[in-house]
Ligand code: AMP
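The chain below stands alone and is given as C-alpha cells, in the form predicted alone.
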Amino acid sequence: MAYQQNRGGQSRSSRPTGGNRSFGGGGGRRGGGGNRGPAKKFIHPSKFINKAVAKADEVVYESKHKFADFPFGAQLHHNVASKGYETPSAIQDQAIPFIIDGKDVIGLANTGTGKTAAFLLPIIERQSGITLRPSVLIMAPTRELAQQIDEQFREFSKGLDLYSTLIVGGVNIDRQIRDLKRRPHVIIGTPGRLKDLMKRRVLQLKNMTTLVLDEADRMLDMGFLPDIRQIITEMPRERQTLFFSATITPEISALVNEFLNDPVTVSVRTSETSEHVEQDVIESRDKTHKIEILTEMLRGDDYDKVLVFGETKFGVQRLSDHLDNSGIPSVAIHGNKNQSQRQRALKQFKDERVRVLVATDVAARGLDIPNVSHVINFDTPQTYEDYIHRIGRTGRAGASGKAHTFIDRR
C-alpha cells in the first residue's frame, strides 16, 4: 500500500496542512464551515498510537439476574423475550431493581452498554395505573439518540397502550404540538426544542412523575445546562430522577446535588474503550495526498464498517461525495442535514447498505452504532477528550476495533 503508518509518533504537528480546501478542516472558515469556536489544542501524535489490550484481558460480567427474574408484567416480559434478551448487561442488572423501587439513580456507564433498556423497562412497568399524562420526560443530547430511545420505547411497550412523543429540532413543530395535545405517556426530546414548546405553553410539566437525563455529560458539553435547569425547575419536586452519564464532572455533581433526592449510584463504567482499540497514525503530505491514501485504504476488504471524522460540515459533505464518486458507498451526517436526511443516512450505515459514514463531532454525539470496524480521524479532533469519544465507537462489547489518525508528514 502507498500509505505510511508511523509507529514512532515522531511527527512534529497533528494539525492539518493547507493544500486542497475542498476537503476536511482546511475549508472551515469559508464555504459553510461556520464559526469553529475555540482554537484546536495541540495533541502530540504519540497519543494517537496504542497497542490494543487483548479481549481476553477483560473480566466478563456475571449478572445476578435474568430478565425473567424482574417483576415485570406478562406483556412486558413477552416484549423483552421477543427481542432475544435473556441476561441483562451490568447496568441493567444493577439499576433496574432500584428504578423499580422508585429510587433516584445515578448510572455511570459507557455508551453502548444497554443503559436505554435499563431505564425504559422499569419506567414502562411503573406506568401501569398512572392516569395523569404525560408523566415521563426523557432528555437526550441529540436528535439521533432521542430517536433511538423512542424506537426502543415503542418496541418494549407493544400491546401496553402506552404512547410516546418525540420532541426534537429539525422537524415540523406543528406536528409535535398536535402530538402533545394527544397527551402521550412519555415525552422524549432534546433540551432546545423542549424549551421552545414550554415557551409556547404547549408543553406542561406539572404532572411529571419521572425525569431521565441520558448522556448528561454530553448535554453539558454541548451547552445545554441553562436549558436543562429551566426545564427541570418547571417539574414537580416530588418525582423520580434518573441520571445517566459516562463521567462525573464538577458541573454534573452540582446538578446531581440540586435535582436528585438521596440517589443510589450504580457505576459499571469500564476502563476507557480506547485501551481495547488498536490505534495508529498515518502520515500525509497534504490534503490531496490524504484523500488518495484514505480512498486506497477504504478499498481494503477489512474496512467493512468505517466511521470517518471530519472537522467541518462543508468538508465532511465534500469528502463523502468524493468517496461515493470513487465507488466507495458513503453517507454523511452533519449540521446542515435535516432530521430525515440524518436518519436516512444513519439507517443506511447501520443496515450496512453503505460501508462508510463521514461525520462531524457534533453530529456523531450520542449515536449508538454497533460493529464499527474502524474509526478514521481524517481531521484531528479539537481536544484529546474528543479523540477518546470518537474512537470509542469501535472496539465495543468485547469486539476488536482499529483507529487511524492522519497527521502531517514531517
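The shown structure was predicted, so the numbers you read here are calculated from the model rather than taken from an experiment. Residue numbers run from 1 along the displayed sequence.
What comes next is about the form predicted together with the named molecule, which does not appear here.
Taking non-hydrogen atoms only, Pro88 approaches the named molecule to within 4.5 angstroms in the predicted complex.
Using a 4.5 angstroms limit between non-hydrogen atoms, Thr165 is distant from the named molecule in the predicted complex. Among heavy atoms of Phe70, none comes within 4.5 Å of the named molecule in the predicted complex. In the predicted complex, the named molecule lies within 4.5 Å of some heavy atom of Thr116. The three marked residues, Lys83, Gln92 and Thr111, each reach the named molecule in the predicted complex, with a heavy atom inside 4.5 Å. The single contact residue among Asn79, Ser135, Gln152, Thr241, judged by any heavy atom lying within 4.5 Å of the named molecule in the predicted complex, is Gln152.
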